[in-house]
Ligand SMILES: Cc1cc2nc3c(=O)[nH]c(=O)nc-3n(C[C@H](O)[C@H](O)[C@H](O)COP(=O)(O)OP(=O)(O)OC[C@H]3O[C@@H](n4cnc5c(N)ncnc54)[C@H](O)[C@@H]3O)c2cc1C
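In the block that follows, a single chain appears as structure tokens, in the form predicted alone.
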């Protein structure tokens, strides 16, 4: 069976659902295909910078209706427990992907977006149309395809993206806990081979998500053994995990997380969110970037849908230019910061400098964040 749509979005995470909502509000025909059934937990830091709040409000999303948790403080510790404390220049909020993605899915449905739970297996281009193969619903033809499928997908190999041919050493582990934790604070605790983020989401639940080099992780028999022998060497992490109660039946994980540079457009497919570029989790800005990338692309596509003033090539060039202006500097800063924070000697030096010149930390944070979006 062959289905037709103007725009087809692959992936129903933050970037994909935000795009669908934006386009649907402009009365543009859009189909979104997502492999998961909501609500579902996802590996994510679950902190969003306030820079995207004006855009969410523009889309009719009042974050306060979602019981978000306001966050204004940042704590960073070295693996030995030395602390850096700072105010977050813009601040942000905590909300689980379990709740937020489900809310966005339902909003997109209310707006008339064709939402399908299916798996995309192939994307091809012939003539002036894309043809997208799926497992259950046959083939879809569309004028434009948006790749919003997250950190990694079989589609990357299908499109022969450069990074998809390389192995990555990074593994992420995430779970929710009940624990005493300052709801105004997002904490980043370093340990040997990685770092762990802690922050509160709705219902006073603490999200713990850490990134670790797989070589360090595989030395231990399981997650609990790894945490006891590695994370516990940071006294803050030891205190947290010893006194926290796990709320999941088991941790959720994702491997082969690749931080190599990516292209915003691949063989005509517009990439948004993590599919376009993945910032290191220590920067705490991946969710905001996903939402902003949706805005950048949808502003262009919406404008062209009514004016027809751009060719497809011009749209690709315009989106690439605007994406790079918004994110290239942040991604570079994130790569530099990760190298610093994963080196214990640099950690200690950074802690001493930060405590001597406190104003330097907010300035560094600004390098990986943007200004409030103008809508």
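Positions refer to the first chain, counted from 1. Remember, predicted model here, so these are calculated numbers, not experimental data.
The same protein has a further form, the form predicted together with the ligand, not shown here; the description that follows concerns it.
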query	finding
Listed range touching the ligand, judged in the model of the complex by heavy atoms within 4.5 Å, from 71-79, 300-308, 273-281, 243-251	273-281
Candidate from 142, 153, 190, 179 lying within 4.5 Å of the ligand in the model of the complex - any heavy atom	153
Touches the ligand in the model of the complex: residue 97 (any heavy atom, 4.5 Å)	yes
4.5 angstroms heavy atom contact with the ligand in the model of the complex for residue 185	no
4.5 angstroms heavy atom contact with the ligand in the model of the complex for residue 30	no
4.5 Å heavy atom contact, residue 107 and the ligand in the model of the complex	no
The ligand in the model of the complex: contacted by all of 35, 46 and 148, heavy atom 4.5 Å	yes
Any residue of 285-302 that, in the model of the complex, places a heavy atom within 4.5 Å of the ligand	285, 286, 287, 288, 290
